[in-house]
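As a starting point, one isolated chain is supplied in structure tokens, in the form predicted alone.
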């Protein structure tokens, strides 16, 4: 049938099967941050933003420089990084084990998910006084707070990722005579890995939030303790410098998880 324009030529049909494939634009993201900081600086210089409540970015940068020069920045960062690494690793490992057990075994599923449903809504920061009684005022209570806060989301993400593996792939493996262990190793775990790694991004943010809260309650060193002390002294440049350090820490953790995703999911 000739086209409606009467030209007699067949027009090619545009390809519409590309699907949704958004791509990251790091330069665009960096440009957005630069513009926001520039507007902030301009507002402070014009007197539109009170410097006591929100100091200019230049003042925050000067405070960061002084902290790095005096060695206080690394002193506070090292304490926080040790707690963050210990608590997140402990909570993630326990959450993965329980989540995989609940996703793979019937006997483990209902007991595990019932405990998670009962305890997950409890604000973990409210348990810090109890952890201090159990583990003391030192590192144990802070690591336990972070680990418990990471544990429950990891269990939920892992169970959901395992449940999301297409069951036809599992049936195909069974039809080829694969053992249960082989199906788990070659089908279930690779299929669940994207969802588990997405859960890592969430739990990393939760770990940083709980780290700061735990350090504010009872710690002599750490970014949270530093921010609290700066706030008590109304030293807003130093306070915002600590917040900038936390933001950079979050970006660094997100970047590391992204690199881990590229390495583990290179097969996709």
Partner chain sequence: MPRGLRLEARGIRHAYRDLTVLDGIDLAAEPGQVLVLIGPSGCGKSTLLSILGGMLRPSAGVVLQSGEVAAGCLNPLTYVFQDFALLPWRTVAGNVALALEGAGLPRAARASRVQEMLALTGLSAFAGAWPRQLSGGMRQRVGIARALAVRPACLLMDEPLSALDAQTRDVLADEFAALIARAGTTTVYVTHNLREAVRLGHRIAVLSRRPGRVREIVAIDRPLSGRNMADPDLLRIEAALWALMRDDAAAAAREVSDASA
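Keep in mind that this is a model prediction, so the values were computed, not measured. Positions refer to the first chain, counted from 1.
The next section is about a form of this same protein that is not shown, the form predicted together with its partner chain.
Q: Can you tell me which of 127 to 135, 114 to 122, 143 to 151, 189 to 197 lies within 4.5 Å of its partner chain in the predicted complex, counting heavy atoms only?
A: The contacting stretch here is 189 to 197.
Q: Looking at 75, 178, 97, 108, which is the one with a non-hydrogen atom within 4.5 Å of its partner chain in the predicted complex?
A: Exactly one residue meets the criterion: 178.
Q: Give me the residue from 93, 104, 85, 169 that has a heavy atom within 4.5 Å of its partner chain in the predicted complex.
A: The residue in contact is 169.
Q: Is there a heavy atom of residue 174 lying 4.5 Å or less from a heavy atom of its partner chain in the predicted complex?
A: Contact check for residue 174: yes, within 4.5 Å of its partner chain in the predicted complex.
Q: Given a 4.5 Å distance limit between heavy atoms, list every residue of 241 to 266 close to its partner chain in the predicted complex, or none if there are none.
A: Contacts from 241 to 266: just 266.
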